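So this first bit is one chain, no partners, the form predicted alone, shown in structure tokens.
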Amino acid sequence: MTDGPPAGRPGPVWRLRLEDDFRDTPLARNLARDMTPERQEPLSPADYGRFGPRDILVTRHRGRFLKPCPGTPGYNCCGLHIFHFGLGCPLGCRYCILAAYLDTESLVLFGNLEEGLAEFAALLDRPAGERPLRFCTGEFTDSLLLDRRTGLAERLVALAAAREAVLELKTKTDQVDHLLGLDHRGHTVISFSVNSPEMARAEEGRAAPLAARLAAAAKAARAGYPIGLHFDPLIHYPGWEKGYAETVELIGQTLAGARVAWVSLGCFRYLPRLKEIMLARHPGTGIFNGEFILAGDGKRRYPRPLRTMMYKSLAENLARVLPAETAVYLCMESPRVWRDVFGHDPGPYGLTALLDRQALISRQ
């Protein structure tokens, strides 16, 4: 298969496992161009754990395709709504929270996507004040990992462009070339997960190198797309301050003049069972060696003073290279940390309103 992780970061040799109901769909035909499908009996989510990182499962999604971001009470959530087209990611990042939720290393794509696209179109046909403004696809998988093959983003970009909606595509790849000529009208934000150069090399598996991601962001910006950046997770390690400052400097050099819609900051946090899973898969990782506390959301987090220090450092450095109107926000953080870092707490509704305003400004 030609699509997938960038050169120099070998990925799995895919096995396409296709349920009969979806053999004659656009998704299946696109995926089967250079893979021979293997017939698969209908699956339920409980079956996914039988498959491994080489497997692409094309199966049925039995719930709604549009759902709000699964925020946690007591932590400010950005108010995104998710177009749920699949789950799992073979990039192999050593901190991936999906490993604690999904119980499978396979990549699951939903074969009944036409139902999802119809659901999305029907929602977007509602008056703008009666439905969400911002949508994304990168919550449970990477938005662009196989998109040159599936063609999904092109269809979603067209839906957002024709209506009062903003789509965010989130990725750790550099695969944007197929999107550059689309008539997006500024309604799609292409976002990149970024980290320090050291953490990107050591802990982010087969993701594109940091410089390649930022070069792809610059390409997308030249094609008129607003850009998003997500420093999530920020990892505390010896030399972290210098490492993240280097990333910010690269952003300033690479994205000078780009429309950066927003930048999110989120410190490393994890469900307790993730540590056991990741140490079994990647015994050489050191990201679980720091000091963590069990927080109110059931995740282990760095102590609040450490998180505050890291956020302040990043926010101050970003202010030196990005326009003052760029929205820099904290992902899933408490009101106390917001006040400590920025001097105010927007609350969940205030954060949603801020990012909605930013989305509208970025389209202009």
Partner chain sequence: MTKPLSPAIPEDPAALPPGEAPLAELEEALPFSFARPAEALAESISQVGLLRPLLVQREGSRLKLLAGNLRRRALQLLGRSAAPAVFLPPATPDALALALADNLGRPVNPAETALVWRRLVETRGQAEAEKLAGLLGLDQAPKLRRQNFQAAALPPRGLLALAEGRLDLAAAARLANWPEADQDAVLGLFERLNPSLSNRRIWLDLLEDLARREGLSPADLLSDPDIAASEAEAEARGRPAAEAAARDFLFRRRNPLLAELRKKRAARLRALNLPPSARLALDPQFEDLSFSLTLAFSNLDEFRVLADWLNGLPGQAGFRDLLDDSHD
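Positions refer to the first chain, counted from 1. All of these numbers come straight from a predicted model, not from anything done at the bench.
FYI, the form predicted together with its partner chain isn't displayed, but the following is about it.
Problem - One stretch from 272 to 280, 167 to 175, 250 to 258, 140 to 148 that, in the model of the complex, holds residues within 4.5 Å of its partner chain by heavy atom - result: Residues of 272 to 280 come within 4.5 Å of the partner.
Practice task
Indicate whether P68 is a 4.5 Å heavy atom neighbour of its partner chain in the model of the complex.
Solution key: Outside the cut-off, so no.
Exercise for the section: Indicate whether its partner chain has at least one heavy atom within 4.5 Å of a heavy atom of D125 in the model of the complex. Expected result: So D125 does not count as contacting its partner chain.
Exercise for the section: State yes or no: in the model of the complex, is some non-hydrogen atom of L306 no more than 4.5 angstroms from a non-hydrogen atom of its partner chain? Expected result: Yes, L306 lies within 4.5 Å of its partner chain in the model of the complex.
Practice task
Give a yes/no on whether P197 approaches its partner chain to within 4.5 Å in the model of the complex, heavy atoms considered.
Solution key: No, P197 is distant from the partner.
Exercise for the section: May I ask you to choose, among R54, R336, R29, R50, the residue with a heavy atom within 4.5 Å of its partner chain in the model of the complex? Expected result: Selected residue: R336.
Practice task
Would you check whether its partner chain, in the model of the complex, lies within 4.5 angstroms of a non-hydrogen atom from each of G290, R301 and D340?
Solution key: The answer is yes; G290, R301 and D340 each reach its partner chain.
Exercise for the section: Between 133 to 152 and its partner chain in the model of the complex, list the residues on our side with a heavy atom within 4.5 Å. Expected result: Contacting residues: none.
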